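Quick setup: one chain, the form predicted alone, written in structure tokens, and binding and motion questions come after.
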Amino acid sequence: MESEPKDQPESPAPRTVGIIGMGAVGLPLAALFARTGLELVLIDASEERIDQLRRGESPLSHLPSAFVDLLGNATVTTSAEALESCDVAIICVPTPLRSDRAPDLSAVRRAATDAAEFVSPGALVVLESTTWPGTTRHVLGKIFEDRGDVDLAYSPERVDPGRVNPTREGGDLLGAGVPKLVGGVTPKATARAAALYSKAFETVIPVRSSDVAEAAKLVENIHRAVNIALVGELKIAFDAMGLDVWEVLDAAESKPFGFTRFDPGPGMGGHCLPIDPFYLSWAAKRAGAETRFVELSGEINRAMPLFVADKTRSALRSIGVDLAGARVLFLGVAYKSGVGIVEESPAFPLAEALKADGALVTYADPLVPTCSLGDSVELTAERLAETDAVVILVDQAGIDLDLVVESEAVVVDTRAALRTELLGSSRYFMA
């Protein structure tokens, strides 16, 4: 990292940190900073979420309310004016895609505009939301052009909701052990951001600029998205060849070098992987470059629910049941196990495909009590007796798969959750 100019006075240590956005990124980050002794101002546009935090309740199913207790006496509010007391503001708001798959930075712009109006003189403002390289320097830079006293930096979030590290006490649910990248618009901003995050994270890695940090975040997610698409395509190819993709992966994994295992599923979901790669595609096109792997992986991953729908049709035909009127039960509708997050979950395009042909779709997911598919049902032997096909999308804790094994329903398994128990059964279909 470049050293801070010697003729520049050292910035005062931060006293009050404002975090904008109390979602899957902002809330764990707030709990981490609460442990440092810094005063906190926590802001979210959702009155419901703020009310939950004030009652000591966690708005996130994968973070128990005990983590909200860590926030102590933090100020919790929907008002951006509370940033007036903050010498640090961290922006952790969503960055979705527009309908034309261009970046939607409206939430970032609103949060940055609020910060530019209210933060204390000489503040540090850090963006954590995933975005295209140059956002901090150009988009935030334009918003803060009249605040020359403010330093701007970028530190990509590396939150993996529901991730537990078994080697660490408490499982490190908050992510203190995950290395933290920081990159500023100036060397001074980089140094300030590194000093700030060092209070909460064990390892902080400064990079040359905010652009590098923004690009690194996209590379991390694109690496996963491309490999998930690859293994998904292999699953389809091996299925057509009569091969068990999980058996093939087990064999390939025996190689001790040059192979990293990714497992197939029903498609991608969550806040990041279905969205973030297209931020790079958009930025690359503006620069006159192509990202063909990124675009192709997106097409493959979006098509995976249709493959599962075809498998479900085949499974039902095997017992002489037409999809029209078939009773189909999804196990898990969150985008992955251990969380109740349903954003971009492949369960929904799969449900659309099945319902378009007349299927009656219900679901059981203990972490998603309600969603656009209705209310979660209780998984019982009686319900399974009334079900034609069970589709395992997420092997959530709390779902009794033994009941599925003992039932008569056909099983479409996208996670190999019952592969050991049912492989070879005429009613078992891997998808």
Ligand SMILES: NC(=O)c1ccc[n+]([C@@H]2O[C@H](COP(=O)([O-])OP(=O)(O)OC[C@H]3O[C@@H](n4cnc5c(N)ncnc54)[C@H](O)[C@@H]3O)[C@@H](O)[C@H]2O)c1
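Numbering starts at 1 and follows the sequence shown. Everything numeric here is computed off the predicted structure, so don't read it as measured data.
The protein also exists as the form predicted in complex with the named molecule; that form is not presented, and the subsequent description refers to it.
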Which of these residues, Val88, Ala111, Val328, Ala189, gets a heavy atom within 4.5 Å of the named molecule in the predicted bound form? Ala111
Just to confirm, with a 4.5 Å cut-off on non-hydrogen atoms, which of Leu316, Ala213, Leu174, Cys272 contacts the named molecule in the predicted bound form? Cys272
Among 384 to 392, 41 to 49, 358 to 366, 66 to 74, which stretch has residues with heavy atoms no more than 4.5 Å from the named molecule in the predicted bound form? 41 to 49
Residue-level contact is defined here as any heavy atom of the residue lying within 4.5 Å of the named molecule in the predicted bound form; does Pro349 satisfy this criterion? no
Is Ser129 one of the residues lying within 4.5 Å of the named molecule in the predicted bound form, judged by heavy atom distances? yes
Would Pro206 sit within 4.5 Å of the named molecule in the predicted bound form, counting heavy atoms only? no
Going by a heavy atom distance of 4.5 Å, is Gly23 a contact of the named molecule in the predicted bound form? yes
For the spot marked by Pro94, Lys217 and Asp276, is every residue within 4.5 Å of the named molecule in the predicted bound form through some heavy atom? yes
Quick one: name the residues from 409 to 431 with any non-hydrogen atom within 4.5 angstroms of the named molecule in the predicted bound form. none
